[in-house]
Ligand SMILES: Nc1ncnc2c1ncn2[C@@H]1O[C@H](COP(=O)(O)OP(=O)(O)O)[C@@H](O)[C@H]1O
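This document opens with one chain alone, in structure tokens, the form predicted on its own.
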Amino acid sequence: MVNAPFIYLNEVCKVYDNNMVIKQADLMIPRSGFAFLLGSTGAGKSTILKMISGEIKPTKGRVYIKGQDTSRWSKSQKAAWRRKIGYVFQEDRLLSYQTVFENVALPLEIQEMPRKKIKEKVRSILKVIGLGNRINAFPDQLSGGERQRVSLARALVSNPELIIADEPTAQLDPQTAAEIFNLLVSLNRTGRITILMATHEWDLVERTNLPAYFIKDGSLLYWEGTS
């Protein structure tokens, strides 16, 4: 596909055990774009995200990543794509017995990156997200917003092409949620990261001019933003 969008879902349908969760989904996100994915609990947000990550296949339709039909990918190609995705969840999923530094370093250790390089990358990303002074703290010594920032740092440390943020502000107070969202926006504006944020917080979406996709009755509807 010439000049293909970064992520493209074309007439996607997903059925589980004769239950049609997604009837019709068309989605297009350009490289370095930011889009919301909205829907009530059980509407199918996780199904859409899993199809984009390559975890599951659509029953019908096609998922394209950088112009490539993911149904044609080998296992190694799917694994390579997943390594280019950073995840931020509603629950921070930090390891309580590890420091901030150790939690953020974990993906790099799995990649067997040299220790000196790990130190450089972790310290750099913690500085970017405003936690350079909390590097030796443990998760139970952090506020909810700080913990979510650590989760974001862990998602960013491997230089992902895509961040999937699945309800990242759901358990935070309004002020802290706004801080996390603004941090995501500022990271996206660097032009290096595409962000897809799943949320049910319509008021957050309405305050922006960012595009959004709504799942309603199994269909994906597009909202272009306020500008």
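Just so you know, these numbers come straight off a predicted model, no measurement behind them. Note that residue numbering follows the sequence shown and begins at 1.
Not pictured, yet referred to below: the form predicted together with the ligand.
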With heavy atoms only and a cut-off of 4.5 Å, decide whether N209 touches the ligand in the model of the complex. no
Report whether the minimum heavy atom distance between S186 and the ligand in the model of the complex is within 4.5 Å. no
According to a 4.5 angstroms non-hydrogen atom cut-off, is S53 in contact with the ligand in the model of the complex? no
N159 near the ligand in the model of the complex, any heavy atom under 4.5 Å? no
Please tell me which of T194, S46, T169, T70 lies within 4.5 Å of the ligand in the model of the complex, judged by heavy atoms. S46
The one option of Q141, Q98, S124, Q90 with any heavy atom within 4.5 Å of the ligand in the model of the complex is Q90
Assert contact_stretch over 35-43, 173-181, 186-194, 58-66 against the ligand in the model of the complex, heavy atom within 4.5 Å, equals 35-43
Would you mind checking 6-37 for residues with a heavy atom within 4.5 Å of the ligand in the model of the complex? Y16, D17, N19, V21
